Structure formats: structure tokens, C-alpha cells
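First comes one chain, alone, set out as C-alpha cells in the form predicted on its own.
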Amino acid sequence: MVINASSLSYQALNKAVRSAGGECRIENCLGQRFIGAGLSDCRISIGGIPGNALGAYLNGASIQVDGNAQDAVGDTMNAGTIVVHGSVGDAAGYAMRGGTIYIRDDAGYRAGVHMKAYADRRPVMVIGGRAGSFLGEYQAGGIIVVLGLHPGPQPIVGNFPCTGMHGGKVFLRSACGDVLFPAQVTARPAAPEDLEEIRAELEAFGHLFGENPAELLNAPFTVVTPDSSTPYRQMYVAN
């Protein structure tokens, strides 16, 4: 089913998506919010620019965006896949607790803020370009990967990465000599066994966006984990 979103409010568009059943294509998307919120068994492809909270509370559905998306992509998603063939705004993966987000280009501020693992679910977000400041802020679980595939004058990540981090891992495809990390995390060169943790996700990223997974892995990576002595862990994690 094809839905022309050019004259639809976000309420009307979301009603049409839910009525479409298993699969739909949205054309002329113009910033409508909450597309796919809470959905499980469906596939959605989007032409245009979806608004805030794309795939919020996603529960197993698959969403693909031809270009860019706005803020809070995958807000509190539980399961499923979101693929963005462009860049995203701020707070992508906010409180994400399952599923996978693949972003071809850049992410704004606070990507992965409050990301957490939940039961047997481990969320993963792969960012092909660079990420803005406060990446992985208060991260409690899951994996964030930033590949830096579009080099420029700025570091692979902005200011204050992993502030308040108390769980999970961040992988940065860089030696990170120009990145200042907070005292409560450990940033070290990734070992081969570390990279095995993200091999499957990088193979999927390469398939989606035409990158060679072997070349993606054939570069220095920095892996960031919380320091076990950090007071943040005592505040947020039982035991």
C-alpha cells in the first residue's frame, strides 16, 4: 500500500499506516511525528523526512527511510530495525532497550542517551559518520558504534562522550587522540576479540549501505566501557 503523506496530519498518517497491515510505503513525508510507534509485525518504507520519535516504542517492526530523519529516532524501542539512508537529529536511540538502528551518515547530540539492556535484549546503534556531543550519556547497556566514514576537520565524536556511562560499550573507529573522555570511563584500543562483538552488525551495515565489512574492521577502534569504581553505577545498577 502506498500512502501520500503530503496533506496528512501526523494523526491521520499514523492511522493510515496502522490500517495498511503488513507493509506500506509512505511518499512525501513532511515531518509527521511518531511514525510506526509501538508497531510489531509490519514493514514501513519512507520517502521524505519523518518527524520526531520515528519508531518510538517499536516492538519488532522494520522501518527504512530513504533520506534524513529528525530527533528521537527509536525512542524507547524494544525490538525491530530502523535504517536511515542519511543523517538523524538529536537523541537517536533515547532509552532504547532492544533492536537495531543503522544510520548511514551522522547523528546529532545525545545519541544513545539512557540506552539500556533489558532482559535478553541488547540494543545496538551503528552510526556511519560522526556523532555529536554527549554520545552515550548515562548509557546503561547495549552497544553504540561510530564509524567515522566521512572524515572532516571535526573528531569522530563531539564533546563529553560517555558522560555518566554505567553500562554497555561504545566502539569508535578511531584512535581517538583528539577525544577527551570523562574520568569515570575506560577508553582503550579495541582487541580482535572486542571487534568480534560487532562483526555481525558491521556486516549488516555494509550490506545496507554498500560498504566493505572487512575494510570497516581493518582500522583502529577505541572501545569505551564504564569504570567499575564509578559512582554512577551504584546509583543506577542493582548489585
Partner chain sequence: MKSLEGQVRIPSGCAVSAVISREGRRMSGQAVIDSMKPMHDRSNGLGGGFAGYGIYPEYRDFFAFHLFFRDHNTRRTCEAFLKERFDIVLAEEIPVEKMPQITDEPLIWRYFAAPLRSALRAMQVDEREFVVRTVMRLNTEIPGAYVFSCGKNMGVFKGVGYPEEIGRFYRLETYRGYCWTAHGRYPTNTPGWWGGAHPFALLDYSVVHNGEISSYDANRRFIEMFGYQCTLQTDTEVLTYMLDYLLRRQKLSLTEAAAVTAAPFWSTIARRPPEEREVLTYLRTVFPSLLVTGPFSIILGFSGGLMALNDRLKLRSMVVAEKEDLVYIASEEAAIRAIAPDAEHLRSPMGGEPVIIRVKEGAY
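Residue numbers count along the first chain shown, from 1. If you're wondering where the values come from, they're calculated on a predicted model, not measured in any experiment.
Another form exists, predicted together with its partner chain; not displayed. Remarks below refer to it.
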So in the predicted complex, is its partner chain close enough to residue 110 to count as touching (4.5 Å, heavy atoms)? yes
Could you tell me if residue 179 has a non-hydrogen atom within 4.5 Å of its partner chain in the predicted complex? yes
Does its partner chain get within 4.5 angstroms of any non-hydrogen atom of residue 62 in the predicted complex? no
Is residue 38 close enough to its partner chain in the predicted complex to count, meaning some heavy atom within 4.5 Å? no
Could you check which residue among 30, 195, 175, 42 gets a heavy atom within 4.5 Å of its partner chain in the predicted complex? 30
Candidate site 105, 171 and 225: all three near its partner chain in the predicted complex by heavy atom within 4.5 Å: no
Have a look at 121 to 129, 138 to 146, 97 to 105, 69 to 77 and name the one stretch with heavy atoms inside 4.5 Å of its partner chain in the predicted complex. 69 to 77
Residue by residue through 1 to 23, tell me which have a non-hydrogen atom within 4.5 angstroms of its partner chain in the predicted complex. 10
